[in-house]
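We've got the same protein chain twice here, in two forms, each standing alone as structure tokens: structure 1 and structure 2.
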Structure 1
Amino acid sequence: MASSRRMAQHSSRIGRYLLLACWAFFCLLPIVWLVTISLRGRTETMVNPPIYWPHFTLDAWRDTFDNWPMWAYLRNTFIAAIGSVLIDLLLAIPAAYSLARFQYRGRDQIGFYILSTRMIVPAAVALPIYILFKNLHLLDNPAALMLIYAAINLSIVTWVIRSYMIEVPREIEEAARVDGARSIGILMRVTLPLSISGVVTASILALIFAVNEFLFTLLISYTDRAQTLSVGLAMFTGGSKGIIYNDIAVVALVTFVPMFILTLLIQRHLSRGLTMGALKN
């Protein structure tokens, strides 16, 4: 009886592993295929039937970085995305603390208004934003992208940080207040350190959204002075050379891999484990 139960458990475990292996295969297959496209000759990407084991070459990588403004795309993406995250954190942390801790008239309505800005259809505000930045003489400028990304992601950053700050027990803050700390001191020395996993999570989400943003970037940037990787990717789909699949794969990998590695490195912050540990202490 015990032997049959162990065999059933063993079979169930093998079945789960096989299911996970199939899931991993289907998840990783597009990435592997993207890598092989970036490492094969251009003619080998157009043949039918496809070549599954091509002659690998770095020609696409050399062509992308030598003949296209890839370094400008990377620079602009870095400036706009990182700058927008810093702006979001500067504004969202006090806003989230206010929404999480203070009682005042209209607090719930203000919170809902902040969150509802995320529901606005981007195309509906595209023209006003274009006219605004044109009058400010900020068209084709990474600073304009920085401000737009920050405005788009501010609501989600605020709400993510707020959800973590609510979990910080009030008793800890009250103890700090008894010791003479003021609200800004309590926020910086008590609440914010205990909510750091929420800050990291919100920062990563805002960074991913900023790197992937396309519509507004295409609208207000028209040279490599401000174009980012998301818009640069579209540059490989037209012109006299047609669709350059190899170079598209290179740009896609350059965009995807750093975000993927960053997510793996801070994945523990994506859970609420750190905050829960602090509460137990």
Structure 2
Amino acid sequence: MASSRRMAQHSSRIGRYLLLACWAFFCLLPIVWLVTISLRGRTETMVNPPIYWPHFTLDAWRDTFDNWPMWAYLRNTFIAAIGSVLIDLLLAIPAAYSLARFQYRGRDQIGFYILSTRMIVPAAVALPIYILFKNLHLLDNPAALMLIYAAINLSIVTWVIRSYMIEVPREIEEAARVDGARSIGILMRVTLPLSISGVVTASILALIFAVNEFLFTLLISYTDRAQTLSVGLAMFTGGSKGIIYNDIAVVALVTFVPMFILTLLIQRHLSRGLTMGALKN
């Protein structure tokens, strides 16, 4: 009786690992394929049947940086994404503190309005946004991308920081208040330092979403003055040569590494960040 139960447990564990291995295979196979694409010559990319063991070469890695304005793409991505996160923090920290610590008429409505902007269909605002930036003479300008990324991510940054601020014990704030500190001072010296993991999580998520953005970047940037990596790689369609997948694979892998490191940093807080703070850790 006892041993048959143990055997059932044993076989169920094997079945479980088999299922997980299947998913890991589906997960990783395209990534392995991407790596081999980046390590082969262009003639070995689009052949029938596919070549699984290519002649390994680093040509694509060299060509990508030689043939495309990679440094401009990297610079634009960096400026627009980092700048947007700074704008977000500047706006979101006071807003999150207001939503987390004060009681006032309309507070919930304001909070839920901010949250609901996360649910707007980007394509539905694309046309007016394009016209707006055209009228501001900000087309093909990284500053425009910065402003758009900031707007896209403001809701998630505010709500994630808010969810961490709510958990700062009120007693600690009260103690500072008794010592004569005013609200702004308490925010800067007590609440903000104590909710720093929320600030870091929100910043990293916003950074990743900004680097990934495609639709608006495609619309309002069209030269290497403003194009980012995300849209730049869509330009690797060299006319008669067709789509240059080898170089696209290089860009994909180049951006994967920093994304992976950033995600490792917030691993523990990831679920909470992705649900905008609805999930406590």
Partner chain sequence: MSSVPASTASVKSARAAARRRGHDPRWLPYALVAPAVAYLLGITLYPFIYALYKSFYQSSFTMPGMDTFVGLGNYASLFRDGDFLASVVNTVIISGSSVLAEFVLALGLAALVYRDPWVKGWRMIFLAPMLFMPSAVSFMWKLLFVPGASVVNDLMGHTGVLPDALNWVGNPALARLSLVVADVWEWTPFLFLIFVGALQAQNSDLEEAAKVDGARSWQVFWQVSLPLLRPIIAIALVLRGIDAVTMFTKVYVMTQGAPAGNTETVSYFIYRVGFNQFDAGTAAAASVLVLIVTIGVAQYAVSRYFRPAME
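Here the structure is a predicted model, which is why all the values come from computation and not from measurement. Here the rigid core means the biggest group of C-alpha atoms that line up within 1.5 Å when the two forms are laid on top of each other. By convention here, residues take numbers in order along the sequence of structure 1, the first being 1.
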Lone-chain pair; form predicted on its own identified as structure 1
Inset, instruction - Examine L29 after superposing the rigid core and state whether its CA is displaced by 2 Å or more between the two structures. - result: yes
Does T45 count as moved between the two structures, where moved means a C-alpha shift of 2 angstroms or more after fitting the rigid core?
yes
Requested in this report: Would you tell me if P54 moves between the two structures by 2 Å or more at its C-alpha, with the rigid core held superposed?
Outcome: yes
Superposed on the core, the Cα displacement of R16 between the two structures in Å comes to 7.4
